[in-house]
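First, one chain by itself: the form predicted on its own, in structure tokens.
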């Protein structure tokens, strides 16, 4: 199955970078800020600095304005940390990126969406960061059919190890799942075509539809969907279609309790709704990695949760 990337296991190179800069006199607070500026999530960055050296000092940080960041001329600025948010390392002007954000701009002025074989309704949107919640993307019986086809096939979910690139279990992701190859059957093909119209991106850019099942207490702690170009394990993933930059989550059942999709950095929460889809971006308009796309699935407190996820690449997925 196609796994998802996590930062739960930092690379040896990142550990070495931290140790070297601690030894040359950088404070934990400076190291923390550099990690935040490089696009790492606050929880991950703080845990890494605390594990590698003394606990970080109280350090003011505004994730929206990036105030108090180290200036390049600071003689104590940490060295050697690649910043994936550097515009020169991004995907500015990429045709897929432009098509996606043009689609988001168009969705700002509409409520009803023609998806070819079905009409859906925009229910909520946060346009600055490309987050859109759409109802009635799938019919109730379509959701039931996908769950029925998936149930006999599911197995423990995995993530991409950031060092080796291998698929490994992770305690942060307590789900089971399976995936369907492109056009696996008429229903899957119809869903893929519908999601392509929803996103405004070619169907060939989408990974195989992944189906996930969460039972009681099942969750996926906050993570990113993009592949971190600073870790070796991302290399073979990026070779299969470039960066993963759009995510579409389709909710396949009514969850009795919990199971919300949350964006901690944006203060957003979306409750599962059968047949609805949540679409969001992992790259900014300028083509940089988007740290505000940090998201997770809260624990299921009653019943179970079924979702279908479609990740979309900058290039055709191979």
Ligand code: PD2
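Every value quoted in this text rests on a predicted model; they were computed, and no experiment measured them. Residue numbers count along the first chain shown, from 1.
Unshown form predicted together with the named molecule; subsequent notes refer to it.
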query	finding
Distance check, residue 133 to the named molecule in the predicted complex, heavy atom within 4.5 Å	no
4.5 Å heavy atom contact, residue 292 and the named molecule in the predicted complex	no
4.5 angstroms heavy atom contact with the named molecule in the predicted complex for residue 103	no
Contact of residue 296 with the named molecule in the predicted complex (heavy atom, 4.5 Å)	yes
Answer range among 140-148, 210-218, 177-185, 107-115 for contact with the named molecule, defined in the predicted complex as heavy atoms within 4.5 Å	210-218
Check all three, 261, 305 and 309, heavy atom within 4.5 Å of the named molecule in the predicted complex	yes
Proximity to the named molecule in the predicted complex, single hit among 249, 281, 255, 252 (heavy atom within 4.5 Å)	249
Contact assignment for the named molecule in the predicted complex, among 129, 223, 125, 91, heavy atom within 4.5 Å	223
